[in-house]
Ligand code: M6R
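Shown here is one chain on its own, the form predicted on its own, set out as structure tokens.
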Amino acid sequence: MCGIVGCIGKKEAQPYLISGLHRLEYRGYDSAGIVTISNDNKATLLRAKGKVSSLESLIGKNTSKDTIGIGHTRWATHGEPSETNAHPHQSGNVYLVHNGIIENYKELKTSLKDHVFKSQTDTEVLAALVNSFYNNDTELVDAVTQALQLVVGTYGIAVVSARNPDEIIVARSGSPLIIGIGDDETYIASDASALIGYTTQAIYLNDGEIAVCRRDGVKLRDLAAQPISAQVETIEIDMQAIQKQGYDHFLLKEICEQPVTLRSTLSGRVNVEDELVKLGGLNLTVEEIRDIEHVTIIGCGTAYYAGLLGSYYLEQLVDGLTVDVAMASELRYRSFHLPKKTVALVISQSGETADTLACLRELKRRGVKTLGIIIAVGSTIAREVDGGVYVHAGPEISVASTKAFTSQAVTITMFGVQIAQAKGSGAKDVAKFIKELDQLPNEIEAVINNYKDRIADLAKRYAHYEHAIFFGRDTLYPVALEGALKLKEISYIQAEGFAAGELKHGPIALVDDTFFEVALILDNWLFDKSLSGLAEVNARGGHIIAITNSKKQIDAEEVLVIDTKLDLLAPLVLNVAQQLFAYYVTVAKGFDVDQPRNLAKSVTVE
């Protein structure tokens, strides 16, 4: 959450800061600000409530040729969205931007008698704390180090001083920061997307590291002021991946990219002819895979739902395997027990999700083997797991996750196939899963090409409703949860997902004319059971949209029949239809599709 940028070099800083903030706006868009420092020690501080465009409008009246600066786009934690609460925060000559939460800020604030606080933020407390150590005999890096030794919480910070236009101090603990290395230019960002086009070389800061960034290079140290050697890595994102490429919104682009991204996820891993799946990077021998008896899956939001869907497939593929799926935000505080021979799958789109990262560290402390299912190369979770799989889905810019869900669920399924193969499983569905994995990209492509217009028309008809219920059985239950999440995230229609068999145990009381219902139905052994749930809703005056692969008679207000060859993986095909439905409902309502209110893409705070 929130985005940080910074630069120091020979070129004017403001253009990079604004460009970088636009690219990171999906991480927070309640307010934004920048500060630049001139060679004669004057600071130009600009802040604005709202999106980066509001900040950008101030630049014309306040253009500076300064070559050092930092910037921030905010997702509010402490204090409402406002210009006063926007970053950078100032104390004396110190200007600071911050991602994360300082948990002991109230305690620290009481000791800072010489600073007059103007904002409601924990960040201003940190700025004042740094300034309290910053005197004529102290270097800025030493003041930052002393301040951070007193801090409890998470942070990614960038600090500049009007006294010193020759360096930026950055530090992290639990919130990502990347330092881009250019030709007599040093860049700072909380996400690699802000660095694309400026440099391909980067240093990924680790927790507890502080960097002194100058025009001619970077020096790293720890909180004990001991020097650390820096490892420079190559950034693997390209410019095309973070552009709309002619689409009206990033969300539509990312939905429509799924056939391509899925092929990347599957490429080199699924061999249909030999009926084999091979995932590299697991760091597990065949014997270790064979010995797995329990899998625990950890995630938040969409990643959790992908894990829940994947758990059904693991159970189908591997006889005797036990599986549990946990919300990371809950598991981290539970007194949980895991059986011996457990492997944990840690799922995160950003690779920085705070709750998921906390669970990962606790699992490792307990000696559990951890495997990451990750999109973001170089992310913290990717670095800390024992092994794992990059799903190669590319960056998601829209806040609502779509292609990540599909690739994550597919990757878990491939892992299940590999366990089944290692155990010599005779499960008849193994070969069928492999065949359907190979066919899935084409099946999703057909949905996008053949049903997009029909779904858009349906969305317009149902966009006026205030509430929605999604329901399905078996593998369609996680898909119902994900469909409801997508709709509520971007359209603000209050939507809930349920297991179809649970409707009669309470939720069906909600059915009235302010609700519509989405019934997800597969033409399989549970078809008649699914129709029973649909009939119960119809009997109470429901307004049902049935999304199904069945050509049999279904009594619903609208029936969207998706023609697919798939059986086991058909839920992932139906899910694309409901992704499009949520998108077109939001367009019909006139809301911001890519940056819905109150949300941010990467959740790096608790």
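The shown structure was predicted, so the numbers you read here are calculated from the model rather than taken from an experiment. Residue indices: 1-based, along the sequence shown.
Just so you know, the form predicted together with the named molecule exists too; it's not on screen, but the next bit is about it.
Stretch-level contact check against the named molecule in the predicted bound form with heavy atoms at 4.5 Å: of 113-121, 480-488, 79-87, 504-512, the positive one is 480-488. Only one of I444, L129, A303, V391 lies close to the named molecule in the predicted bound form, with a heavy atom inside 4.5 Å, and it is A303.
Note on the partner interface in the predicted bound form: the residue among T406, N99, S348, T73 having a heavy atom within 4.5 angstroms of the named molecule is S348. Among residues of the shown chain, S91 is not one whose heavy atoms approach the named molecule to within 4.5 Å in the predicted bound form. Residue contact check for C359: none of its heavy atoms lie within 4.5 Å of the named molecule in the predicted bound form.
Taking the partner from the other structure, the named molecule in the predicted bound form has a heavy atom within 4.5 Å of a heavy atom of T353. Under a 4.5 angstroms non-hydrogen atom cutoff, the named molecule in the predicted bound form has A400 among its neighbouring residues.
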